[in-house]
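Shown below, as structure tokens, is a lone chain in the form predicted on its own; questions about how it binds or moves come after it.
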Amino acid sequence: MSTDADRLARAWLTACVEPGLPSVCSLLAKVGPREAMRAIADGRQVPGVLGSSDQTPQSTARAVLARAEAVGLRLVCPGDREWPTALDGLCHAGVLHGRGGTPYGLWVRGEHALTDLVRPAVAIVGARSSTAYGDDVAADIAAGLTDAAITVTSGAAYGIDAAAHRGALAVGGNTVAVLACGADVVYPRGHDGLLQRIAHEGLVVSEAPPGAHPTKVRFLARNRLIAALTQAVVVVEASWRSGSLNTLKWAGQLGRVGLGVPGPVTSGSSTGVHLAIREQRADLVTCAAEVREAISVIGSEPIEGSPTWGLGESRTTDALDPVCLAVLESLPASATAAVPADRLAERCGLDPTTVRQVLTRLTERGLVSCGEGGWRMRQRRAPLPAE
């Protein structure tokens, strides 16, 4: 467990220092939260950070914790039981766009324990200006993952993020929203009801302090948390310069699985996804079952009903050896047309004895029958339509 003094220091850092500054993360790892707070507050040289002298760090930290308690937030710190150890991998994941490192602490809204909810978890992210196709796919994948007891994580933005959260909630599951603003701030404004429901049935998480507003750099910092808290990042619709591709890149730097859902080749909303798949930064997936297979131990999550490669759906003839298949394919396609065995032997280039032996085996399989005029294909019922 983190001490009270450490907790105060981390609360101050979240309130007075921009999230994900590599210089601060490095200092924090070297000297710990209390000494890092002193160094920054005293104005000592810490690249990228200005000291704060308007009031004591302790009083600032206590005010932040009081405000958090008033709006239903709690601070989760490294060493707490609720701290996901998966976040610790950020200290070795490098830097993107000037942001990186393990968060100083996380502000959490909701009753669930964060550790419990993100084990396992998959992120679904994508375009804010999504299409109906993208929304439907994101919601379907989210619902399928939730049914398999996998938490869906996203950023609560318009478009794909919202569709993913709603897909998880629609089947009574948990979902985690990671924000670039305070966990008590409604952003975007139109998601007031959605964020309330996520907080009630899942969790809302942020490294920004209570009341903080989103900025561009905070979104970039937030993306690394979405990737770190999950086992895989699924991108559904992303253009060339989509922020979702930043999250996908973080997944690669963290050793997480990168996945992409293809869209129509004519859709500008999917150009970034297609490029990521082509450059092998993301594996192609189309459904929740394929996502589960991608994050599971090899062979533990086989996809039921997968078609045989290159053959489409499985057929009764798939298991036939080449000789049997040659005889069967030499029969007329119509079940009403019959051919004598000797003539059939001429057609397939086999001797009559072999052909008769094969026809017996095909009869046992229910594929052919013998009647007036010779041998014919058996009439097979069409498969019943799927319900």
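None of the values given here were measured: they were computed from a predicted structure. Numbering starts at 1 and runs along the sequence shown.
This protein has a second form, the form predicted together with another copy of the chain, left out of what is shown; the following refers to that one.
**Q** Sort through 284-292, 242-250, 211-219, 115-123 and report the only stretch with a non-hydrogen atom within 4.5 Å of another copy of the chain in the predicted bound form.
**A** Of the options, only 284-292 has residues within 4.5 Å of the partner.
**Q** Residues Tyr133, Thr266 and His274 are flagged as a possible site; in the predicted bound form, is every one of them within 4.5 Å of another copy of the chain by some non-hydrogen atom?
**A** Result yes, every residue of the spot touches another copy of the chain.
**Q** Exactly one of Gly144, Pro262, Gly159, Gly173 has a non-hydrogen atom within 4.5 Å of another copy of the chain in the predicted bound form; which residue is it?
**A** So the residue touching another copy of the chain in the predicted bound form, by this definition, is Pro262.
**Q** Using heavy atoms only and a 4.5 Å cut-off, determine which of Val76, Val178, Val137, Ala228 is in contact with another copy of the chain in the predicted bound form.
**A** Exactly one listed residue reaches within 4.5 Å, namely Val137.
**Q** So, His92 and another copy of the chain: in the predicted bound form, are they within 4.5 Å at any heavy atom pair?
**A** His92 lies outside the contact set for another copy of the chain.
**Q** Hey, in the predicted bound form, is Arg197 touching another copy of the chain, heavy atoms inside 4.5 Å?
**A** So Arg197 does not count as contacting another copy of the chain.
**Q** Determine whether any heavy atom of His97 comes within 4.5 Å of a heavy atom of another copy of the chain in the predicted bound form, and answer yes or no.
**A** No, His97 is distant from the partner.
**Q** Considering only heavy atoms, tell me if Arg278 and another copy of the chain come within 4.5 Å of each other in the predicted bound form.
**A** Yes, Arg278 lies within 4.5 Å of another copy of the chain in the predicted bound form.
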